[in-house]
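In the form predicted on its own, a lone chain appears below as structure tokens.
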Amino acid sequence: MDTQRTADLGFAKLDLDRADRTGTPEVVYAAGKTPAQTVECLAALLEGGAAPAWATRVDDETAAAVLERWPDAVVDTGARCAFVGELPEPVGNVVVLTAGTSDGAVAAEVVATLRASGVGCTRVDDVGVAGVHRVLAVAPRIAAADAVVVVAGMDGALPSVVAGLTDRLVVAVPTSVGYGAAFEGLAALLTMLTACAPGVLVVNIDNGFGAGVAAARIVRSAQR
């Protein structure tokens, strides 16, 4: 393998060639970093050729620092993401379903990840199994998608239902939504891992970013 470029900032060593190897660039996880560190990471990624440079889990203070440095940056407060540089034109379509409104923040991270990955999406909210007719009503849209991401907390049962309605890959995202016995998403995670319907790929609790990357790679592979 050819020598891979890195940017050594002292507190971080950024992988500048990750997009060439994997199709997904190094993305800055802003949680746990100071606003200044996040800005410095984004600047180094831009200098290294990232288009766009991208940060997740961005709080209000960090968002303000990004906008101060790059006034034309795109900050998605719902998704807690920031993008510096032009976003790619979308291809394909991923349907992103939420079981309930409370799952919205994680779904927003999925949508933002798809957008930055150059993949189109359609979001459909509040179609949980407590009223299963709601998801059945959008079954044609699910069947027409290139991939489906299902975001659900509580009992986490929705991905099994959706996987029984389509031949597309279903990416399941458990969320930390639910009453005490939901154990901050653990119950939903275990339900999704033991789904009776095959074809369900499960990511970690609240990991909208990981789900978006997985779905984007499926769509881009299909486009090729």
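All values reported here derive from a predicted model rather than from experimental measurement. From 1 onward, residues are counted along the sequence shown.
The same protein also exists as the form predicted in complex with a further copy of the same chain; that form is not shown, yet it is the one meant from here on.
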Partner contact check in the predicted complex: of 114-122, 82-90, 95-103, 67-75, the stretch with a heavy atom within 4.5 Å of a further copy of the same chain is 95-103
Check each of Ala43, Ala182, Ala63, Ala50 and return the one that places a heavy atom within 4.5 angstroms of a further copy of the same chain in the predicted complex. Ala182
Examine Val39 and determine whether its closest non-hydrogen atom to a further copy of the same chain in the predicted complex is within 4.5 angstroms. no
Given that the partner is absent here, does Thr194 sit within 4.5 Å of a further copy of the same chain in the predicted complex, heavy atoms only? yes
Close approach of Ala108 to a further copy of the same chain in the predicted complex, 4.5 Å, heavy atom: no
Decide whether Ala163 counts as a contact residue for a further copy of the same chain in the predicted complex under a heavy atom distance cut-off of 4.5 Å. yes
Along 177-209, which positions have a non-hydrogen atom within 4.5 Å of a further copy of the same chain in the predicted complex? Tyr179, Gly180, Ala181, Ala182, Phe183, Leu186, Ala187, Leu189, Leu190, Thr191, Leu193, Thr194, Ala195, Cys196, Ala197, Pro198, Gly199, Val200, Leu201, Val202, Val203, Asn204, Ile205, Asp206, Asn207, Phe209
